[in-house]
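Take a look at this single chain, the form predicted on its own, given in structure tokens.
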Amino acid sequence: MTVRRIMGLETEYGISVPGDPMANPMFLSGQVISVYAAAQGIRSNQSSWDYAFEDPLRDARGWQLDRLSADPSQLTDIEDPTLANVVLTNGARYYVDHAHPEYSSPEVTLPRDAVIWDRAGDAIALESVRLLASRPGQPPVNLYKNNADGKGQSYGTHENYLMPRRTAFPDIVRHLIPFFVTRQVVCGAGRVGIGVDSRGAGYQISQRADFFETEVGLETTLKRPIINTRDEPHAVADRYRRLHVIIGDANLLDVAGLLKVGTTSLVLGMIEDGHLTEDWSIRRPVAALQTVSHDPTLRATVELVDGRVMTGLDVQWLYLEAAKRWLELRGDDPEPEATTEVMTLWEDVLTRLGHDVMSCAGMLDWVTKLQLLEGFRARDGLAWDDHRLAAVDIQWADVRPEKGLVHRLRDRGRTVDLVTPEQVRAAQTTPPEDTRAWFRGSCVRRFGSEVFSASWDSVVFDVPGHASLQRVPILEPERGTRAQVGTLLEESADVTALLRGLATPD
């Protein structure tokens, strides 16, 4: 693999009711999801999530956490029938997670597709808000694509990458920690305030950096680790490992979003191939993560275990140069255009950041937000602890185009866009063609009333005339594509015909 691999993004949206700080976010999140599902013809008792094979307490380090020892937030395999939890026609999951609406994108294979279906989630969030606002007497509900509320709470944007099971987990940890500590200079979302509760005056590169406490661990909401060890592949377990990444920020700009997943996929490819032989381990990586984040001038340094002192930008250059050498040695890239796009943008961005940080405005979230905030500061003489800057920070992430500042910049041509509005609109209702998401989403579209539940690795049908539910496993992520089952899905008059066709040997 180079940049091509099975991957996907998860976004928990911030939620609020203006003027009502006591509003119940869990109830409101359920409303947000239910109103959208209903508009798509998906009833709350249909196309729900299948928890049968989920195992969130299996640790990649080789053990299983006892359920009695686990924090309740880790028990993500327990269904709460009172909470909205649906599968959409684009193959995504849309549900309530820790009192936030969460959109988990369908599986894709390329970084640009990851951006498309991630932005489709933003469009779905916007449509949900608009649908809810159309209800008589409904108080206005706002959603925000960010990771911190400025009052001490953080919520996640997670990435998922499928890897070969044979890759040694200690190698993953050793080579990914320096990369993740410094990756924020490219894909940080920017935040007003220092510290988990934003009491410190200033601006930092990452929304999430201050909320991490340890290097490696199974948790996602407590003692957040740089490397998450959840070993839940949602695929053939002895063949695949799913790397669950919780350290990323929510990106609204295409270049940052593409580089987040594209560079990570390249680094994983180098780890899988054993190409990274040097050890770039950083001393005290959690502290280093925050040191890098707290300095938007990019001059702050971290110490490597071997004694070298480098900036976050320097460390990113190490990975980029290693990727160049690796790609030259491989010479068998299945997606050369996609890889070239990531490599070209990665080098361009690192070069720009080294010469003039502000030259990345319109490309990187944290730089673009900083430029906007500096404009307010210069115009009104605002200090970094002024509450008006914190309000601008929140408004930046508002999903509504008439309110969200990113939308205004995009409308004025001040952002570098890689995908088109037409692609985003299509991805709201259509799944990717080259993964099992095609089968999942198409089944919901074609046979919604018979889809009892679904998950990443199965679709469960309630077939008329059958006493038991019928489960179709899809443990291979690149099975169930449009090329493989598209014709069968379209020609099957009903679920019975579909299941008969699936059972027929090729």
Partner chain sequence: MPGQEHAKPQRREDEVPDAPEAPPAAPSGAAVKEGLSDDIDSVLDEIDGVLESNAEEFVRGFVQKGGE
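Just so it is clear, the structure is predicted and the values come from calculations on it, not from any experiment. Numbering follows the first chain given and starts at 1.
Omitted from view is the form predicted together with its partner chain, to which the following refers.
In summary, among the residues Arg165, Arg425, Arg408, Arg199, the only one with a non-hydrogen atom within 4.5 Å of its partner chain in the predicted bound form is Arg408. This chain is displayed alone, yet in the predicted bound form one of Tyr240, Phe179, Trp317, Phe169 has a heavy atom within 4.5 Å of its partner chain; that residue is Trp317. The candidate spot formed by Thr263, Arg445 and Ala454 is out of contact with its partner chain in the predicted bound form: none of the three has a heavy atom within 4.5 Å. Only one segment in the set 282-290, 372-380, 326-334, 171-179 has residues whose heavy atoms sit within 4.5 Å of its partner chain in the predicted bound form; it is 372-380.
Mapping the unseen interface onto this chain, Trp117 falls outside it, with no heavy atom inside 4.5 Å of its partner chain in the predicted bound form. At a distance threshold of 4.5 angstroms between non-hydrogen atoms, Ser492 is out of contact with its partner chain in the predicted bound form.
Looking at Tyr155, you'd find a heavy atom of it within 4.5 angstroms of its partner chain in the predicted bound form. Interface residue remark: Ile15 is counted as part of the site for its partner chain in the predicted bound form, having a heavy atom within 4.5 Å. Along 300-333, residues Asp306, Gly307, Arg308, Val309, Met310, Thr311, Leu313, Asp314, Trp317, Leu318, Glu321, Lys324 each place a heavy atom within 4.5 Å of its partner chain in the predicted bound form.
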